[in-house]
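This document opens with one chain alone, in structure tokens, the form predicted on its own.
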Amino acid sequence: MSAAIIIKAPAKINLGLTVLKRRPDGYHDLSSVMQQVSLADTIRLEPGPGSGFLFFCTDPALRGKKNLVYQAAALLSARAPAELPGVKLSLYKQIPAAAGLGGGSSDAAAALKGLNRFWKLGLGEKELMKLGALLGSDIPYCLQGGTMLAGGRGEKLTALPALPFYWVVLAVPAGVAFSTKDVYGALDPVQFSRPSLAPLVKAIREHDTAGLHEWFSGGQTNTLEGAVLPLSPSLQQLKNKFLHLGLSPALSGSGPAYFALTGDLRIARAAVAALREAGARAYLCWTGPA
């Protein structure tokens, strides 16, 4: 292929997340409602020299073989029946890394899609989903996007009705990042299966905006919050700032990103400005369909 391909890799937020139990393989079974948002990384694929692939990232800390884009390219190239034309993958980062927003998983999903087209491999969605699951639990969701109920490690997906349009106020405390392994390691088993996602799923299926508001204003949306908050005083300060602004914050994934939904653009813009003034990395984005 001679033309370049440009693909967006959207972030995700967890509208609700419940850790159910620890599995014998060391992972955890969970139930989560995942939602795509407009904040996104960008991947550019263009012809490269010779055969195989080259990888570049605008964030020097994310370059190298540990990046999921690199691993996705290596996985596909290893399974190809013949030598593949050279390709250069350039990853332009916007999504904060290690923040619970699925940036790495979304990047890998975009790379799988893009390389499938660039190399003309002809892989179907089911095949890409299987390959994605080998790389990370969130990648199958990122291949589909939209509003989904995830089970198992996150790879078992059930489509839900599209969420109504909301502005999303996203914020991450400056200088704070957690490894998913450390967060799950700090989780007390007594917190398993809390909260129940039934009210959230019911509200989404019934297009009940009042029910959604009640879910977030209840203050308990993510099992992992109990493990995350003690790890950083600045994270509690960030949550308090959301509350002071009149918003109902929820932790995304294993954090440290917090988000809040609102239908009022003026409120969203003012909140992002206030959070930035308080020292957080804050973003204004919105919910999106698959």
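All residue numbers refer to positions in the sequence shown, first residue = 1. These figures come from a predicted structure and were not determined experimentally.
Just so you know, the form predicted in complex with a small molecule exists too; it's not on screen, but the next bit is about it.
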Using a 4.5 Å heavy atom cut-off, which of 6-14, 19-27, 262-270, 275-283 contacts the small molecule in the predicted complex? 19-27
Interface residue in the predicted complex among T180, S196, Q94, T209, criterion: non-hydrogen atom within 4.5 angstroms of the small molecule: T180
Contacting member of Q144, S77, S90, S137, with respect to the small molecule in the predicted complex [4.5 Å, heavy atom]: S137
Applying a 4.5 Å heavy atom distance criterion, does Y184 contact the small molecule in the predicted complex? yes
Residue-level contact is defined here as any heavy atom of the residue lying within 4.5 Å of the small molecule in the predicted complex; does R153 satisfy this criterion? yes
